[in-house]
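Below, in structure tokens: the form predicted alone, a single chain.
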């Protein structure tokens, strides 16, 4: 296995399964994964099924162990991780992970549990190689995001519902969309822009009683009148919200912000300015074509430099399971392992999602937990030759010091633990 092959498998993918054939052309292998439909399309329950579960739980108030919402969440999480272990399109799956984190929805808001799997399946997965504007609209309409950031409680103060109830705007969704999802604070927008955008999004809600339940625009809760965001006027009504999202999705500040995040994730904690400029230019010239941006990422010279990123717990757990060629029913409790390593699945502490830099994951206690996890996982495989696994997984990345330590380990178990704990395995 040459260096470019292992870089493709580790930097852009999810780590190698030794039983899988190696790509003969690493770049072409990555690009092929961006063509055609997602192999995991249609995985998991529909949004309507999740909302029906939420409706039933609200009505029946079951104990946690009998909650339909929690059952859908657990099944969806297990299915998502199982797919990551066996997918033949790991680059595409990493893009799904990236955009899911960019548009964070967390089970810390318990009412989101039932619709989190469908959020990934319907708002993120179909759009990772499409237009960013289409993904943004799908995200902002999805009940998971509307519940997570409280837009169902946002009412135009001058709307019929606002006059009747004396309730007003909730700016959470508008603020996070501008700050975290599109422009970023570096764009220089003002509080007045956030307030106007929040008014535009009033009425974007859900209907739990419909058959099937789902997104619903409520004109009676929508703030009447034209609104101005960053000097651009948008009409009242649902169409005004759609136009505002299209405007934000294709703003130059959004292209710059997304480019920096993509390069940080796939290349380096300190994104090279030339690489960011390249991806920004592709997004600008293609009006936010994420497939074109992903192709450009593969073409960056910096993307083929030595691996410096630290694997997050989710990256690490999946890469470890793939390296040991474990099937989903041999993995014990990977969901629990993620929690123990500090990254519980679909459970980010805040709307800005999980951090993407080594400093946030490399505290001494966190590194000790990684070694403990490696020791536990090493005991789950019957593989007899740890050095063979290490070479098949890391190839030229495997360092002589690690090989020597593995050869002199006291047992197969200890040798595998050293491999999974090694600096080169922890990197991507």
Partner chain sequence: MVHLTRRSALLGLTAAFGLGRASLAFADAQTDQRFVVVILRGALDGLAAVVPYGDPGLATLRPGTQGPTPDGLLDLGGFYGLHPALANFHMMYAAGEMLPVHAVAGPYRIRSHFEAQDCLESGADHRMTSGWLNRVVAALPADTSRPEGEALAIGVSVPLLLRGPAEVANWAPHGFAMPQADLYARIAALNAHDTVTGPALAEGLRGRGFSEAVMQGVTPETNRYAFPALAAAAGRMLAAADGPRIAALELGGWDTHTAQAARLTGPLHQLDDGLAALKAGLGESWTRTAVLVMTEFGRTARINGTGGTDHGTATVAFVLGGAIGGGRVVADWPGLGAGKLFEDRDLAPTTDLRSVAKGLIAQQFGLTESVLTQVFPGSSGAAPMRGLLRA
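Please read these numbers as outputs of a predicted model, since none were measured by experiment. Numbering follows the first chain given and starts at 1.
The protein also exists as the form predicted in complex with its partner chain; that form is not presented, and the subsequent description refers to it.
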In the model of the complex, is there a heavy atom of its partner chain that lies within 4.5 Å of any heavy atom of residue 65, even though the partner is absent here? no
Does any heavy atom of residue 24 come within 4.5 Å of a heavy atom of its partner chain in the model of the complex? no
Does residue 60 reach its partner chain in the model of the complex if we count a contact as any heavy atom within 4.5 Å? no
Using heavy atoms and a 4.5 Å limit, would one call residue 363 a contact residue for its partner chain in the model of the complex? yes
Given its partner chain in the model of the complex, answer whether the residues 153, 169 and 239 all have a heavy atom inside 4.5 Å of it. no
Partner absent here, but in the model of the complex, which of 372-380, 40-48, 389-397, 26-34 has residues with a heavy atom within 4.5 Å of its partner chain? 372-380
Here the chain is shown alone; which of 335, 292, 358, 300 has a heavy atom within 4.5 Å of its partner chain in the model of the complex? 358
None of 135, 296, 96, 310 but one has a heavy atom within 4.5 Å of its partner chain in the model of the complex; the exception is 310
Can you name the residues of 407-428 that have a heavy atom within 4.5 Å of its partner chain in the model of the complex? 408, 409, 410, 411, 412, 414, 415, 417, 418, 421, 422, 423, 426, 427
